[in-house]
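What follows is one chain in structure tokens, specifically the form predicted alone.
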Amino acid sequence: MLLAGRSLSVAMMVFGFLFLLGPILIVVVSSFTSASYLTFPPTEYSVRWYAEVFSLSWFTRSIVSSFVIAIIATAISAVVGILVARALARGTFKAKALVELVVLTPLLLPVIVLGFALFNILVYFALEGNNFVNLIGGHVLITVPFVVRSVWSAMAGTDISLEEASLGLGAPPFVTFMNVVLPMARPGIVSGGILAFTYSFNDVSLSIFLTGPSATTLPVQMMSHIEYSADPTPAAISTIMLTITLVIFVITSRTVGLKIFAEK
């Protein structure tokens, strides 16, 4: 009976991994086809579609835009998220519950609803032409909750007596915040920042409402390409984006360590 239970657990675990990783493996393998359309498994393997990707005029422009927007949005979200998390973790003001609700609401609502609402607001105030600024603002809106939750959790688990000791020894509040609070909250800041950057870089649902002639993102351009073409170019781009994500996690592993996601 015990052996049957363990076998069932292993089988369910394997099925779970296949369910999660199967589609990704199919996309990666399909990107190396030599055919002019998506096929799995490929009859012949080739890297022709990777060469095609770098020959597309919109690829370089959109991937640079995605990186810049994600970096700026993550930086702003980190600053705002740290301050809000600090207030929620240590504050005792009356509107604390309201602040928590407002900040974390983007996690509760479908992103496409937020995008449509934000688009209508921008149209009402005749600001829809500022695509780059609008994209940054929209991405900050949906990434701040990730930073707040991560940093809030980290700050809530820290020893407040260390802050009190620093203040008691004469350190100004700002010095205590920079030299005591932030180092203790580092795991939450790093993990929240990585989650925010990844989410911003890969977002489609909100970005599609905010893009325009002056600025767009890679995922939105990919979706537009899929609408008019059935070639394997999007599979090659998806593999490139997957590689970028893996590189980010490898760098994180070599610098601060992946255990940063589990630390409190």
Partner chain sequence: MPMSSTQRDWALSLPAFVIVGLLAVIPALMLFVSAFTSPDIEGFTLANFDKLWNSKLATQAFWRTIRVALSVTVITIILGYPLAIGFLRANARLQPVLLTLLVFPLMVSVVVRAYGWIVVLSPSGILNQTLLAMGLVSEPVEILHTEYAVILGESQLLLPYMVLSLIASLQKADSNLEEASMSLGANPVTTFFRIVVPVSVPGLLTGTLLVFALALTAFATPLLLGGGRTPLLTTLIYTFAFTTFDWSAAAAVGLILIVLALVFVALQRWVGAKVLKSYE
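On a predicted model such as this, the values are computed, not experimentally measured, just so you know. Numbering follows the first chain given and starts at 1. Basically, rigid core = biggest C-alpha set you can superpose within 1.5 Å across the two forms.
There is another form of the same protein, the form predicted together with its partner chain; it is not shown, and what comes next is about it.
Of the heavy atoms in L108, some are within 4.5 Å of its partner chain in the predicted complex.
Among heavy atoms of N120, some come within 4.5 Å of its partner chain in the predicted complex. Contact check for V144: a heavy atom falls within 4.5 Å of its partner chain in the predicted complex. When contacts are judged by a 4.5 Å heavy atom cut-off, M222 counts as touching its partner chain in the predicted complex.
Listed residues L182, V175, I71, V113 were compared with its partner chain in the predicted complex; V113 is the one with a heavy atom within 4.5 Å. Along 80-96, these residues reach a heavy atom to within 4.5 Å of its partner chain in the predicted complex: V80, L83, V84, R86, A87, G91, T92, F93, A95. In a rigid-core overlay of the protein, T33 has its C-alpha displaced by at least 2 Å between the shown form and the other one. Once you line up the core between the shown form and the other one, the Cα of A230 ends up 2 Å or more from where it was.
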